[in-house]
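What follows is a single chain, given as structure tokens, in the form predicted alone.
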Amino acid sequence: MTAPIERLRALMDVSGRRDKAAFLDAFDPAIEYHYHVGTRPLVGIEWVEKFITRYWANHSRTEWVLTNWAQNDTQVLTEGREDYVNADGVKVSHPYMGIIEFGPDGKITAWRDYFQMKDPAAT
């Protein structure tokens, strides 16, 4: 079994290519994804598919940057930023931290993201 960071880097690669089938294949069907603190989590692969379809439709030139990480056998803690151009043509850079948990089969079973909603570089 590959290390959690290697599985995450593979997910980052398919995300960058916007390969939705490969992206969704990284998740356990019962995934619980907390993409925003205070918002109801996405539970189940169907909700993740709806989310990523809408998200990718409203963002272009996306770059997922990982600056720091730590891992154990089943989790990877991440820090970085996501740079993209939103649907209004505005360049956005969101700092984030996240915790991604992997099941015994290597699929993502839980994901919690923590990020700033307002781009600190925005005026």
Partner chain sequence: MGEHMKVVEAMMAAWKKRDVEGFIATLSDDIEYHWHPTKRPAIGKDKMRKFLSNYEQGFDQQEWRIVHSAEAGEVLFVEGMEVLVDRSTGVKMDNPFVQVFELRDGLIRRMRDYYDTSQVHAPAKPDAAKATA
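Note that the coordinates shown come from a computational prediction; the quantities given were computed from them, not determined experimentally. Numbering follows the first chain given and starts at 1.
Another form, the form predicted in complex with the partner chain, is not on view; read the next lines as being about it.
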Margin query: I'd like to check something about S60: if you look in the predicted complex, is any of its heavy atoms closer than or equal to 4.5 Å to a heavy atom of the partner chain?
Written below: no
Next item on the list: Check whether G44 has any heavy atom within 4.5 Å of a heavy atom of the partner chain in the predicted complex, and answer yes or no.
Entry: no
Note to self: Contact with the partner chain in the predicted complex for E82, defined as at least one heavy atom pair within 4.5 Å: yes or no?
What the structure shows: no
Checklist line | Contact flag, W69 vs the partner chain in the predicted complex, heavy atom cut 4.5 Å | finding: yes
Notebook entry, point to check: So which of V90, V65, M97, A30 gets a non-hydrogen atom within 4.5 Å of the partner chain in the predicted complex?
Noted result: M97
Next item on the list: Tell me the stretch among 22-30, 48-56, 82-90, 69-77 that has any heavy atom within 4.5 angstroms of the partner chain in the predicted complex.
Entry: 69-77
Next item on the list: Look at the candidate spot formed by H36, E101 and R112 and say whether the partner chain comes within 4.5 Å of a heavy atom in all three of them in the predicted complex.
Entry: yes
